[in-house]
Structures are given as structure tokens and as C-alpha cells.
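Take a look at this single chain in C-alpha cells; it is the form predicted alone.
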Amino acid sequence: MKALAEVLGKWEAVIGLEIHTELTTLETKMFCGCRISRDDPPNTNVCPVCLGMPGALPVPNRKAIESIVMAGIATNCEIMRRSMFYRKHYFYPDMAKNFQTTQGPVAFAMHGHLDLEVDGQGAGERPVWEDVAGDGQKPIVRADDGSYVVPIRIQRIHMEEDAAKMVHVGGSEGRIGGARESLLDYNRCGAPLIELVTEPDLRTPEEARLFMEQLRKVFCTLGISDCSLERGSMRCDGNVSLRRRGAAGLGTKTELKNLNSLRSLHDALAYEICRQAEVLEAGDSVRQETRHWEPSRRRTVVMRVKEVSDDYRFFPDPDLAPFDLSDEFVERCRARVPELPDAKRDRYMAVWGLRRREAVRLAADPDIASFFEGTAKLVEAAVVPTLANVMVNLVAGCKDLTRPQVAAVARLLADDAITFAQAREVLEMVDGTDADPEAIVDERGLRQATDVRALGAIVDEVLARCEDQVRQYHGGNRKVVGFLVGQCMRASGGSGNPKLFNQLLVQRLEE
């Protein structure tokens, strides 16, 4: 099988995603009052409504509808004032009533978009010469480093109920095929679920991975879901087809299931693109089917022939009246939408001069962003970039630091009182305690000496005995300064400031 880069040089992948997100922050299910909980014993949070008993009538969860409207506003969707629920019929044990309550042709949120930023190695997956976005209209603008921004259209975000959890015992990789028995837990059945469907605007596995990652950040910031890929509260199906470069039509697509991590999403799409190319180049046709991703074997396998809409016998649910969302309801939802990650990132860069990489990392998680902003109030504006560096590179490994502790370490670093390695050491020592980092630094003699006269004497002594390295520097070997800094640190017993040593060495060597 050819490598992905070789395939994408001749073929264009057309990718669309269906991303399912459980509204885990709600307390009750979509159409009944049963409690939502992952930790309760199986089949204890059920009732006649979510089990589909005859005569049971559903009642919509108002908070769930508020959540989907917020999701639509945050993704630039048009909020449809009138919509209704439909029945999607299928026979499978994960839905006891043999139909799923979902939305019909008109969803609560329609026709949105997100601008996707692609950089680094992933930007190389899209051929450089291709300068048209997935929608075939807007040109891609590439920066000097190859990064680009591509608009990804969102077809719809609709509300539906989740299905029961199935556990296949004795099968291969948890699949029903070959399983000895299947266990059903209806606690999840009827839980509120939103499904976001993109237009087929994505062109590479990395774009798909980044889109799901960006959407996860948005939904977490909204506070509507924990978006845990590991626990299944955010899941993704990928649809992919191939066409020759320059062709306008769409090829036959396959749908990929079991994409329960960002890596699986990328790798499954990459494999399927290469597999379809191999089929087409052999003169065969791609079949429209649903395929399962096997992470351990790193391949997709056939699950079933892909159903079409008619197979589900959609029709309006007679037990649920149409929805008419008022302008006041929509505006109340809009007022609840907080500052989103991209806007927060731009504010961090504009107000505090943070580097883009650190601003992105801090703005991505609402809890981290809140801790950072609260700590930034404790330090001078000039120290905030150092604080951001500490938050991104040092704090993640700690469990229970306070804002004053992190602020104190950032201030010590900004003043060149300690090195970056010492900052990590100090944070680990104060983690989970009420100790003062400044006191720890002084007690252990970690504070760096910054007396230029004293450090200058050490530099002169090191240069006098390292004549060979001095000659190398004057011969053009600038890397030798690192060795000389190490000699100065040793001579100072580790108490000298390495940055200042570096400056003094270069100054002496250039005289």
C-alpha cells in the first residue's frame, strides 16, 4: 500500500465528519426525568419512556435545547426558529423501542462554519499547489512557514437521544462478531446527544483531527459536555471518498466507525484513503459501506453495507409537538456563551504579548485559562509572558499548586533569580503544601548570583584557562560558548546566573 503523501499527490480526499457529543453536564435525560450517571449499576436509571413502553409519552429537556442553541451560536450557525423531532427506525437491541428520536430535515442549528488553522508537519499533508478550500470557493492563504487557514462549513447540529451501551464479551476487540454474549446497559439510553455534521470540506486526515480538537475546545468552554474521548462522551464517524486531482465530482464514500481518539481519527482516515486509492488504481470500484477501525491491526474492516435515509423510515414523531424558539429564548442562550478559545487566544496575545503557541495552549482549557488569568492579576504585566511559559511547561505535572505559588516562581524566573530547571524543582517542592517558593529558594541556596563584578571575575578566570576554546570561538565556532557557560557555573558552585554568564562571555570574547 502506498504512503499517504504519495496518494494525496494524485488523488484528492473528500472528508466529512459526524461528531456525536453527550451533554454530560445535564442532570436528566432528553425526554424523561431519569438521572444521567456513568457510575450507577447497569439498568438502574431507566423508566417506561426511555425503555419505550407502550403509552409512555416523552417530555423534552429544556436545558438540553439551550445547550444545542449555545453550540450553534458558538459555531456560527443559523438558529432555526421552527423545527421538530422525527423517528428514525432501526432494529437493534441498543434502542428498546426500535426507533431513535432525532431531528428531521430542519435542525435547531444549521449552516455554520469554523475557520481551521493548520500548521506544523500537518500542513504538509495538503499539497502546496492546492490553494482552494474544501468548499471550492475561498482560496487558502498560506503563511511563509506553510501554515494556512481553511473554512470548514457545518451543515447542521441536531439533537437526538443516545443509545444503550453494549458490551460484547469474548469477542475480538470488543466487537459483536465472535462474541460469546452481549450485555446491555440502558442507563445511557435516552441521554441527550448532539450531532454535528460537517460539509465534505476537509481534505486531509490532519485537518479532520484538528477540526475535532477545535470543536472539543469550544464545547468544553461552553460547559455543555466534558467531551471525554476516553469515556465515549465525544465520538466521531468519518466519511471519506477519493477523486482525481482536478475532478469536480464526488467518489463513492465509506463511513468509518470506532474513532474514539484523535489519533484513531487521523490514522483511520489515512489508512482508508490509501486503501481506496489501491482499489481504484487496480481498476475496481469502492463500495459504499460502513467500516470498523481496528487500532491494534491498524486497518479498517467491513461492518455492513451503508444504509440510506429511506431505510430508516423517517417520519415526524406524533408524540412531540413542533418547536418554536422565540427570539428572547435565543438571545438568552447567546448571552450565556462565554469568550471562546480563539477570541481568548487573541486577547492574550494582544494584551500580554504572549507567543501564539502558549496563548493557544492556555486558552484551550477553561480551567487552565481561569487559573492563568487569576494568577496574572498577582504579577506585573512584564512578568505575564514568563508566567505563561511556566503554566505551559511546568505546572502541568503538578497537582495542587496555588496561584500565589505559581506567581512567585514566575517572578523569580523573570528576575533571573533562578533557572528554568530550578523553577521546576521549586514547584515540585511546594506542590500540595502552603510553602512560599521564595523562602524555599533562599533556604536551599538556589538564588542565582547576579553581581556583575563577581561573575565577571569568574568569567575572566575561565577564559584564562580555556585558551583552546577561546581560539575555537575566534575561529568561528560560536557553540563553544555553551561549554564555557558550563565551566563558569561549575566555578561558581552553581550559584551564578547562566544567562548573565553567557552575556559576559560573549562580551569578553568580542572585545
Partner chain sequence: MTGALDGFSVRQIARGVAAGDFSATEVARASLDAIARRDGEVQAFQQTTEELALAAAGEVDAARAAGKTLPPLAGVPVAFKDNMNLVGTRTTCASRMLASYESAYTATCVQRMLDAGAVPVGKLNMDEFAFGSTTDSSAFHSTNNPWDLTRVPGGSSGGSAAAVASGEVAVALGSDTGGSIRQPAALCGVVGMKPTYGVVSRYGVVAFGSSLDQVGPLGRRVEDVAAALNALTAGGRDRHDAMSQDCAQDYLAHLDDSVEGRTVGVIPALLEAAGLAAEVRTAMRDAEERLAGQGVRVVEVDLPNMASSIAAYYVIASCEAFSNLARFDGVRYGYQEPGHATLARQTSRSRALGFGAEAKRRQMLGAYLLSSEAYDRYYLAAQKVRTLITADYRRAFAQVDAILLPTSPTPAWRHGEISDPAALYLADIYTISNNIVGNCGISVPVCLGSQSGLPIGAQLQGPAFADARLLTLARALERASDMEGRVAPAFAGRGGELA
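Numbering follows the first chain given and starts at 1. Since the structure is predicted, the reported quantities are computational estimates derived from the model, not experimental observations.
Omitted here: the form predicted in complex with the partner chain. The next part is about that form.
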### Task
Would you please decide whether Pro318 lies within 4.5 angstroms of the partner chain in the model of the complex, comparing each non-hydrogen atom pair?
yes
### Message
Gly456 versus the partner chain, in the model of the complex: is there a non-hydrogen atom within 4.5 Å?
### Response
no
### Query
Hey, in the model of the complex, is Val49 touching the partner chain, heavy atoms inside 4.5 Å?
yes
#### Entry: 4.5 Å heavy atom contact, Tyr186 to the partner chain in the model of the complex
yes
### Query
Quick check: do Asp115, Leu262 and Met349 each get a heavy atom within 4.5 Å of the partner chain in the model of the complex?
no
#### Entry: One residue of Asn98, Gln121, Gln137, Thr433 in contact with the partner chain, assessed in the model of the complex (non-hydrogen atom, 4.5 angstroms)
Asn98
### Message
Which residue, Arg313, Arg231, Lys377, Arg244, is the contact with the partner chain in the model of the complex, using a 4.5 Å heavy atom cutoff?
### Response
Arg313
### Message
At 4.5 Å between heavy atoms, only one of the stretches 480-488, 459-467, 439-447, 58-66 reaches the partner chain in the model of the complex; which one is it?
### Response
58-66
